[in-house]
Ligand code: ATP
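The form predicted on its own is given below as one chain in structure tokens.
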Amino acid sequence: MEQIVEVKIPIPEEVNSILVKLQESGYEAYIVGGCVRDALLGREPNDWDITTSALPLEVKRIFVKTVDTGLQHGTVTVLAGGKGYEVTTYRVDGVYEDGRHPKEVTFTPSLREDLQRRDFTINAMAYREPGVLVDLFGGQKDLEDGVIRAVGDPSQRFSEDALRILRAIRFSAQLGYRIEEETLRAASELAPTLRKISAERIRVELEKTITSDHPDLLRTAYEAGITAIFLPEFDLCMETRQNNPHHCYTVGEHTLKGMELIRNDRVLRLTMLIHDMGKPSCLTTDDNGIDHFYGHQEVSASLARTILRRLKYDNDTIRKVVTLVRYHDMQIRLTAPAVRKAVVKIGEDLFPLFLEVKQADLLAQSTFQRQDKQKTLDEVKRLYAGIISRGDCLNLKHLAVNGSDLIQMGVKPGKEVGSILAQMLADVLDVPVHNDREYLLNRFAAPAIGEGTATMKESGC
């Protein structure tokens, strides 16, 4: 049913012109799905999807500039104002044979039939000017009540497309909504069908969940038996105690708290998700009943590589997360040389992220010795800030001597050049003022070629 609503959705001029042109040509046309949801929430939609009773070829006839995005599924992209807007014909999905895609789609003149095939009520609303909202399944009320509810029979919706199970978790985390009881029960029962879904699709939904405002709602996926299918390592963390004065949560709850406390960045959130996943296999308990997790950093780093590869992450993301996980528990002596060496070891690009990981990890622990821990971390941050402000040399690129200089002096190209440069950098990391061409050549190059300072000076070095 159509209903007039007081709220007016501000539709971009190009989008409204597409709606008007379709309507003037004798067809129904609405914005639909996520853009309606976001607009009703007062958010700026990322995309504006349009649904219409016009068939794809009729859409192509009405608009001059179009792209055949997916004619077999009824989608034509209309170009307007330098952007593309997807216009899709009302449709009914056929049988889902792979738990992800319908074997075929059938076009229909009924907006109701189109909306009832969608996943959740909050995504099954359509809108057109002037202030006409088509809300057949209570989506607006679910928005007001903070509820994620499947359209119609949740078991049928999830059987059609298993990825909707993760989408329910994701929308819950993004919006801070609870999942309606029957919808969650169906998601739990059909969780094993996620094995039909590609790793890439699972990765996208997991990442959207943990980079939301409520990453801790990944807990819902655990409680419903959903993470057991694609991230069993997390389940082990949720079930692993930490009877240690430094902790007040299980490993899993500490993980969720860490994700909440760190900046919303994909690498940082992935790091916090995985940083302690090695703990379950490293758990030991001493004679006093205190739990320890010796060596969990390296085990966690290995698991990070395995998990991220399984989820088809790119090599750069894997490198960053594995490195941060490996060194997340690293203790640094409170001296400038020690901090410089830590920067080199962890990586100049990753050290600022390392500090963020340390901060979140600290705050996700118990309050035991927290003041002292914070004081130590603050001093590392202060020393690092000084290193950056002074421009201390931290790599071979900024060393006052390079490989060509050594070769010109007579050092044989190859490993010896690299060895001498490494010695020079190690010295400069200890004493930054040693980054001086004459000093470095005299101190390290001359002995290596057996000539001495006098010979170097004669050669103009």
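Numbering starts at 1 and runs along the sequence shown. These numbers come from a predicted model, not from an experiment.
Here the subject shifts to the form predicted together with the ligand, a form of this protein not shown in this document.
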{"property": "The ligand: the contacting residue among 167, 279, 358, 128 in the predicted complex [heavy atom, 4.5 Å]", "result": "167"}
{"property": "Candidate from 340, 254, 269, 118 lying within 4.5 Å of the ligand in the predicted complex - any heavy atom", "result": "118"}
{"property": "Contact stretch among 65-73, 38-46, 400-408, 51-59 - heavy atom within 4.5 Å of the ligand in the predicted complex", "result": "38-46"}
{"property": "Contact of residue 123 with the ligand in the predicted complex (heavy atom, 4.5 Å)", "result": "yes"}
{"property": "Residue 208 within 4.5 Å of the ligand in the predicted complex, heavy atoms", "result": "yes"}
{"property": "Distance check, residue 432 to the ligand in the predicted complex, heavy atom within 4.5 Å", "result": "no"}
{"property": "Residue contact check: residue 291 to the ligand in the predicted complex, 4.5 Å heavy atom", "result": "no"}
